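This document contains two forms of one protein chain, each encoded as structure tokens and listed individually as structure 1 and structure 2.
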Structure 1
């Protein structure tokens, strides 16, 4: 696949206004630690469909997703691609100690990332236990998510896949907004139905049919092109096929 040069837009944002502050790798940092991070950070924005980094390419930064969604995928020798996960707001991209990216990282929607220069970040990890501890927790959460993603793609029905994906995004949005899931949830679904079909291994017609079925049964309410309302999260969670604890949706 040709790797065309892509235009990357640089933006700026204050840490105090960051919507992922309480969930990101810097969540437990004190003010002096945040000042150190401030010295090595920069923001980048990517348009939907734009490649953040290709698998095997040198990655001289690590980053947290601030807004938007990115996909992790691998391409086989014959050109077939398989999505292996999602990066949602507050998720971490890149690996300290690893020079290259293991996956293609692609902006599924318009995307903003808080980036840190890798070498200074690695050095800061050694001096700042709060960062290393938080990154370990996030890595373990990512491992759980990867295992659940294997289950979602391999064993779940089309209805369970759609319900699971909506629940994943709804739960993350609620946690960022500090909302409880026992109340009505309202959020913008950032993925088009075409993107959902590609990522879940379903046809567009199947996605549309399952979304319509969930809507007709009152499990979700659609408003406008993207807004989703979940009147009762527990009812929708029952449609995911997960255990009562919700697995990695927590």
Structure 2
């Protein structure tokens, strides 16, 4: 079993006959709540590059990613941008009790979200505590991820940042797709160089250079546009600067 899949409990398992097959609300579901959820849910699709909401805009729903990738970003007056959230399938977006979005939400790839109108969702939360409990767990996970990310932004070198990002995506990819085999890891890097630079707090040129460096050293193999192969996950891990034991959260 490759290192990437250790310690990862499957998060996208289907949940009995729950029609909502992603992490947000499917855990421990009971039929009456599900009926209520069913009634207030609807799907929205976005093309890669489209903006879901702008920071400051009204956001009258909460949502969970069904397929594709969404990003949360902050922008400074002069245009400097920092990504602050990366939402993969089953991740949750939106804050109960807040009227407007605090971040730009953007579709990094083609994207389908399952939305719940906020008002009824909040009412449902009040009535069914375990939805709130689930949300608390997820928020705590996100907070841990944010803190790992802070270490990356504050203290890692460009090379370590790139290696870290590739490992993070490989891991999360592996945990989503249950076809994880003993073979080398192969997956889609679904971010442009620019998106990567916004994630890592670098310029896109530096990202490009460091990716090239890792490729030249054989730590990663790029196939075609976005496909990445990691021949030896442990060796790449050593480049991240992380504790080798790597007790990764989420």
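Basically, rigid core = biggest C-alpha set you can superpose within 1.5 Å across the two forms. Numbering follows the first chain given and starts at 1. For clarity, every value in this text was computed on a predicted model and none was experimentally measured.
Just to confirm, one of these is the form predicted alone and one is not; which one is it?
The chain shown as structure 1 is the form predicted alone.
Once the larger rigid part is superposed on C-alpha atoms, how many degrees is the smaller one rotated between structure 1 and structure 2?
Domain rotation angle between structure 1 and structure 2: 17 degrees.
So if we fit the rigid core, how much does the CA of residue 215 shift between structure 1 and structure 2, in Å?
After core superposition, the C-alpha of residue 215 moves 6.7 Å between structure 1 and structure 2.
How much does the C-alpha of residue 190 move between structure 1 and structure 2, in Å, when the core is lined up?
The alpha-carbon displacement, core-superposed, is 2.9 Å.
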